[in-house]
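Starting off, we have a lone chain in the form predicted alone, written out as structure tokens.
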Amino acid sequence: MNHNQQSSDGIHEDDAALSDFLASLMDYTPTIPDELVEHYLAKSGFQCPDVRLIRLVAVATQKFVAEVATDALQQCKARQTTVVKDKRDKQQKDKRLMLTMEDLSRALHEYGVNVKHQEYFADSPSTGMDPASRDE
């Protein structure tokens, strides 16, 4: 078998795999609704009647959001581990994780998305609350 025949067999296999994947998108219901994807694609000037392409964009978006959320969670865990070490107090009353805009901004920055928020943005649930109710 010569090199050209091998590479063309690989191309046909890739085409078949792509065709199978696109066909499977017809049976798949993505987390992000088709209407929402169509709205934002239309808003950016893209029109496509092919539902498979709309769902492909939805799957790619879902993957991006999941990766950003995972990275933000890692940022949050790293930040809270640092806070515990800084306090020198190993006993924590509340072991819940609190995701902040700083965590999300750092995660998005890794993907080239820069997020800036106003100075008055509240990163703490107690910000702006009555001091008497903060102790609850």
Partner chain sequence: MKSKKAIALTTSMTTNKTTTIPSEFWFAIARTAVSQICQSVGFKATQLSALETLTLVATKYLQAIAHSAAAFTNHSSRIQSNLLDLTHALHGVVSLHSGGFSGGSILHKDSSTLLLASGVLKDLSRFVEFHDEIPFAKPVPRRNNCSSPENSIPASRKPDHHSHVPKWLPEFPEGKERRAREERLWEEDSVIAGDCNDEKKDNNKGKRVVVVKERKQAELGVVGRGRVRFRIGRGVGLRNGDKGKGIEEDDKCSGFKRRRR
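Keep in mind that this is a model prediction, so the values were computed, not measured. Residue numbers count along the first chain shown, from 1.
In what follows, reference is made to the form predicted in complex with its partner chain, a form of this protein that is not presented.
Chemist: Taking heavy atoms only, is residue 73 within 4.5 angstroms of its partner chain in the model of the complex?
Modeler: Residue 73: contacts its partner chain in the model of the complex.
Chemist: Using heavy atoms and a 4.5 Å limit, would one call residue 29 a contact residue for its partner chain in the model of the complex?
Modeler: So residue 29 counts as contacting its partner chain.
Chemist: Wondering, does residue 81 line up within 4.5 Å of its partner chain in the model of the complex on heavy atoms?
Modeler: Contact check for residue 81: no, nothing within 4.5 Å of its partner chain in the model of the complex.
Chemist: Within 27-55, which residues have a heavy atom closer than or equal to 4.5 Å from its partner chain in the model of the complex?
Modeler: The stretch touches the partner through 27, 28, 29, 30, 31, 32, 33, 35, 36, 37, 38, 39, 40, 41, 42, 43, 44, 45, 46, 47, 48, 49, 53.
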